[in-house]
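Just one chain follows, in the form predicted alone, and it is written as structure tokens.
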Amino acid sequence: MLRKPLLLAIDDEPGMLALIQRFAGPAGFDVVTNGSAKDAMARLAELPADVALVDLRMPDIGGLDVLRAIRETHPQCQVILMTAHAAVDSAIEAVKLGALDYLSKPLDFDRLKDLLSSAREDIERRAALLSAENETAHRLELCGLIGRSTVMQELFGLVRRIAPHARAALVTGETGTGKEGIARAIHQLGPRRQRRFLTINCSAVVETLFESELFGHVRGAFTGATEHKTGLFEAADGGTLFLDEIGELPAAVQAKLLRVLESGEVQRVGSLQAKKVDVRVVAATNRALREEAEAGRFRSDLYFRLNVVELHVPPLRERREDIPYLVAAFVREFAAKFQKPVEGVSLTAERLLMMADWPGNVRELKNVLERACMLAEGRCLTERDVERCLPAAPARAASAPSASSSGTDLRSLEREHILKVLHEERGNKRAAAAKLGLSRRTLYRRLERHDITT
């Protein structure tokens, strides 16, 4: 591991804190001690602990309340409660709240050593899983695009095959799916990679200026044309021009674009001379362009000229298996950008991300994670971190319930996920626990909680 795990000890007895520090330091932990539960709770956000040793009975705040606060702020933190007044009821309540174990004072240091060793193994296993997930995401990416799903791998294969040859291509898909990324990949994998890649959003240009933007103009061509202007086709000569939202192109400009594609010549507005250009054109649209052409709202000859190869980018809801890898990549990116110690997301946060509809697709997912990382206070994005960054929408609320508003649904999902992993690992609980990022002890508790027998 690149860093030592952090152990937070909270106890109102200074002697006990000193004892824990002397014991846990040589065991491989960085140790932070606090004699006040109230003070510790106020500082939880700045203390992203991996393990916490908490006294059950303290004069200001009880250990169970501290446990609840830690589990809410740092859900990956493993909490061990300590008490000189052991009681069955409090032990059961502690386990229900997610405590790793419950120790009686004076402490059994052999038992504590075993617990800390188990906790270290869990921390290292989660780090290894996160590293493997990041590496898988990197290995499966294409020019910055990530997709492990079969449909995305097939799309990446098509991009690789056409990149060296196609002079025109049409990229289709919903808003936010990554159409421009596909266009850039075609450019980067082709023979024009050293030349310019220029873009124009056809929905953002004033209709009267389309011709000037695409083909340029000469001085005096129209009111306000005080200088010669080079159009995008000339500027992209030898490279690639990306026409985003091509379905918004006015009919008059569609005809002129078709002529340029067929002749390879552009004529500036107000000029009588044509100029030869060599430009690869990649167009993109979120419309059903074939239907638009059949309805007469888009030139069919231009559609077929652009649609030499069509590359359809599926919406995120149709490739949910890509979400964990996209999340890993985005968290890594934004943790570095904001200089935050965020290393991943909790299981409940990942489930929430997996369940969302994502009408804005990958762009929306990226924006949510950017906000979550910007506001994050710990090493792990929690369900609360993610939920507060999701746009409020009835559809989302119905499709992606949180544990607080619909705990039963999340418990059902957790049960299904555990069963799925157990099936994949053919009932091997050690392998299943490793894949789930849990200790075997925690897995057995989850199996009991969900009444799973194997």
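In this text the structure is predicted, and so the values were computed from the model without any measurement. All residue numbers are counted from 1 along the displayed sequence.
What follows is about the form predicted together with a small molecule, which we do not show.
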(request) State the residue from 103, 145, 323, 373 whose non-hydrogen atoms include one within 4.5 Å of the small molecule in the predicted bound form. (result) 145
(request) Have a look at 153, 118, 286, 300 for me and say which one sits with a heavy atom within 4.5 Å of the small molecule in the predicted bound form. (result) 286
(request) Decide if the three candidate residues 175, 180 and 363 all line the small molecule in the predicted bound form, where lining means a heavy atom within 4.5 Å. (result) yes
(request) Indicate whether the small molecule has at least one heavy atom within 4.5 Å of a heavy atom of residue 330 in the predicted bound form. (result) yes
(request) May I ask you to check whether residue 244 falls inside a 4.5 Å heavy atom distance of the small molecule in the predicted bound form? (result) yes
(request) Determine whether any heavy atom of residue 68 comes within 4.5 Å of a heavy atom of the small molecule in the predicted bound form, and answer yes or no. (result) no
(request) Tell me, yes or no, whether residue 429 is in contact with the small molecule in the predicted bound form, where a contact means a heavy atom of each within 4.5 Å. (result) yes
(request) Within 4.5 Å of the small molecule in the predicted bound form, counting heavy atoms only, one of 161-169, 343-351, 363-371, 260-268 shows up; tell me which. (result) 363-371
(request) Work out the direction of the Cα-Cα change for residue 379 and residue 422 in the predicted bound form: closer or farther than in this form? It's 3 angstroms or more. (result) farther
